[in-house]
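Given next, in structure tokens, is a single chain: the form predicted on its own.
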Amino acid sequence: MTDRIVVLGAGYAGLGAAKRAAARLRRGDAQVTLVNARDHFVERVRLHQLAAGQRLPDLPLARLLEGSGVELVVAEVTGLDLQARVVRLDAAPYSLSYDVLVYALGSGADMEAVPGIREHASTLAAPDQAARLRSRVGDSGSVAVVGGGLTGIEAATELAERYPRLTIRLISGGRIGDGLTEPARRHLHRAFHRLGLTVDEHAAVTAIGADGVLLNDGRELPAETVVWAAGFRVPELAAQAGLATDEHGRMLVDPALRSLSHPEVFGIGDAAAAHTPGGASRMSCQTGLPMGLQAGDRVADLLRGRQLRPARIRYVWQNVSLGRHDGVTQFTRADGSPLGSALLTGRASARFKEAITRGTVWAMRHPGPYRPAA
């Protein structure tokens, strides 16, 4: 009997899980099917570059899956029947039955965080969103980027470097680069000054309109284009289907990445709250890729009747690009807390991040070794 493994989502986590499981299992014993709404792999960590008019590598999923034995289905997931173990799709074959399901549907921009995002703001959670922002920025004179995390910082600096004529302001409800050391934050602010960015910290946006943003202190800041980079949320599909989720809709999983309510389902990537030394896993490529590779191992072990080991998810660094030739790399402890003076800045950081980003795609092509150290 052939075991049916269905993986939902072909991001860093899902693609890694599908290829790893297929590599660990004989093709006659298991069929791995990967479902994704697009036929291309999205380098989400590069979408700010796409918004700034740069051409990204072309990465068709069919090419990345070549020779792996993984079947690709390009369709959007519309529902889950956990009792019947069926995934419903909006395109052929319209439904898939599974013995083991890997849920890796990721996250998207939080369009409901404040009024006006959907109507007036641009986002950077998907390629089509980044492409629309690229076309819009070309006709703008002023841009407000909302969000002081990595996405907001990288978007603001990339746009400022590419379009020096633009008036760009970066707005954050708290400290920008919170979680970095003071030397790292000083380097951020030097880069902001060099690029001509206006920075507003501790300024929470309460609404977005056609002409700019409204802050919690009553100020109105004009902007022809607003970029919302202040939060992400996961699809409601897991909670609606009856999987155990937290208050944010992320799947609750055990140390081996299995659903707490449905052990035949694994949860990985942004859509799952996995155990790490610092608490629940962050929404990031740095956690998504190792979660995916280890989930592939655990799926193979489950089907072979082996004991499932806990997944090992650790943090190593935070990489922040500041345009193409500058950046900050803050090295961290396993729980994500910063390691004091362990820091790269400038061109060294930019080169390091580019190497890591390219290496991530290499890992998508070659998802070994097949038994990582525990």
Ligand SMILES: Cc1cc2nc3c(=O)[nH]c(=O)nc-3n(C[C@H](O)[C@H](O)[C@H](O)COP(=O)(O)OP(=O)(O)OC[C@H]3O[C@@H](n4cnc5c(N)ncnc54)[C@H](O)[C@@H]3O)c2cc1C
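Residue positions are given as counts along the sequence shown, with the first one as 1. Quantities reported herein were computed from a predicted structural model and do not represent experimental measurements.
The form predicted in complex with this ligand is left out here; the points below concern that form.
Asker: So which stretch, 328-336, 47-55, 305-313, 23-31, is the one near this ligand in the predicted bound form (non-hydrogen atoms, 4.5 Å)?
Answerer: Answer to the contact question: 47-55.
Asker: Pick from 76, 264, 119, 246: which residue has any heavy atom within 4.5 angstroms of this ligand in the predicted bound form?
Answerer: Of the candidates 76, 264, 119, 246, 76 is the one lying within 4.5 Å of this ligand in the predicted bound form.
Asker: Here the chain is shown alone; which of 181, 142, 276, 284 has a heavy atom within 4.5 Å of this ligand in the predicted bound form?
Answerer: Exactly one listed residue reaches within 4.5 Å, namely 284.
Asker: Can you work out whether residue 151 and this ligand are in contact in the predicted bound form, taking contact to mean some heavy atom pair no more than 4.5 Å apart?
Answerer: The answer is yes: residue 151 has a heavy atom within 4.5 Å of this ligand.
Asker: Test of understanding: in the predicted bound form, would residue 269 fall inside 4.5 Å of this ligand by heavy atoms?
Answerer: Looking in the predicted bound form, residue contacts with this ligand include residue 269, since a heavy atom lies within 4.5 Å.
Asker: Does any heavy atom of residue 36 come within 4.5 Å of a heavy atom of this ligand in the predicted bound form?
Answerer: The answer is yes: residue 36 has a heavy atom within 4.5 Å of this ligand.
Asker: Can you tell me whether residue 232 touches this ligand? I mean in the predicted bound form, with a 4.5 angstroms heavy atom cut-off.
Answerer: Yes, residue 232 lies within 4.5 Å of this ligand in the predicted bound form.
Asker: Is any part of 5-30 within 4.5 angstroms of this ligand in the predicted bound form by a non-hydrogen atom, and which residues would that be?
Answerer: Going through 5-30 in order - heavy atoms within 4.5 Å of this ligand in the predicted bound form - the hits are 9, 10, 11, 12, 13, 14.
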